[in-house]
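Below you'll find only one chain, the form predicted on its own, shown as structure tokens.
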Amino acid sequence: MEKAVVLKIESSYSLLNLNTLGIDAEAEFFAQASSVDEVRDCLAFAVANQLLVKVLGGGSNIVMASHVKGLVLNYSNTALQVVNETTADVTVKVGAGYNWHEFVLFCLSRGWFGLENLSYIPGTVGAAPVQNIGAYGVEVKDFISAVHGIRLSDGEPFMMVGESCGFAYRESCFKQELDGKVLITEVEFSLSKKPCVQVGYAPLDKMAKEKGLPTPIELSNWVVQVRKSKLPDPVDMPNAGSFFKNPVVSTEQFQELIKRFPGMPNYPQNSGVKLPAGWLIDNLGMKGQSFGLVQIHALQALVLINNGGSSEDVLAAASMIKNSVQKAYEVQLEQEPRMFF
């Protein structure tokens, strides 16, 4: 068994094609595991060599250091099984390595609904609960019934129900107290067999008014169409998707801002008012602006394009953008992609 593990683990491994920002990174050691037993073998290798284990998913929502120390572990299992099914709903357990968009399309093909607004989000199923991915008024937390994984400290399995995962806007316990401590192996989703499309967010609302209420599959196609029109393909323009979270300000601060910027889009929340970060940047005329090797996308102000820069270059550009927004609106932007060092 030890010999097999050595063959799986590679040293000085290029991560250039494993992060969508296109940072020319290198892992001290790298392994791709497709089963729980292989994960445990890799953990044993890490212990024997005194290496930290760093879990890497699809690499679509991270800023990666040029050199990543330790053992970078990628889990590739894509097994899918129905856990429970009734005439009204279904619970399905999915391997963390399953491509997220392909999973959404599979669900739609089976008549399992709820995830259509989350179509075309890059990454894997295992990354979905970490980031609590969301789009167009829908968050994945509302469909996650359980998360399964392995503790990196001892290789023991764990299971957490959705309610205990600390989900919040682009947040979870997997980004906070469990960051770097667990590897997610499977996620369970509870989905409805009754269509209930969500079109409250522009431009979906506009399309619904023009074309009528869509079916779930039509809505998925709309979302893909909109995302393709706004978000560049990382293959052509290396990027990490939306680089900043939409900030939530107090109602009092919003009242002051709307006086100064009457056209500012806004979305009332229980805790205040959510503002589109992209609009805040765009309103400053920063679309297309370059910061050395890093550029704000010409069509979507939330996206940073990396033209061969390092993580330092990306973070420097992000800092300048945040400073500009802070100065103009007294609003602090928060970075969405996680750091991977």
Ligand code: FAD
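When you see a residue number, it is the position in the sequence shown, counting from 1. Bear in mind that the values here come from a model prediction, so they are computed numbers and not experimental data.
A second form of this protein, the form predicted together with flavin-adenine dinucleotide, is not displayed here; the remarks below concern that form.
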With the partner left out here, check for me: in the predicted complex, does some heavy atom of Ala135 sit within 4.5 Å of flavin-adenine dinucleotide? yes
Considering non-hydrogen atoms and a 4.5 Å limit, does flavin-adenine dinucleotide approach Gly166 in the predicted complex? no
4.5 Å heavy atom contact, Val104 and flavin-adenine dinucleotide in the predicted complex: no
Give a yes or no for Val55: in the predicted complex, does one of its heavy atoms lie within 4.5 Å of a heavy atom belonging to flavin-adenine dinucleotide? yes
Only one of these stretches, 78-86, 210-218, 178-186, 105-113, has heavy atoms within 4.5 Å of flavin-adenine dinucleotide in the predicted complex; which one is it? 178-186
If you apply a 4.5 angstroms heavy atom cut-off, which residues in 307-341 are near flavin-adenine dinucleotide in the predicted complex? Glu336, Arg338, Phe340
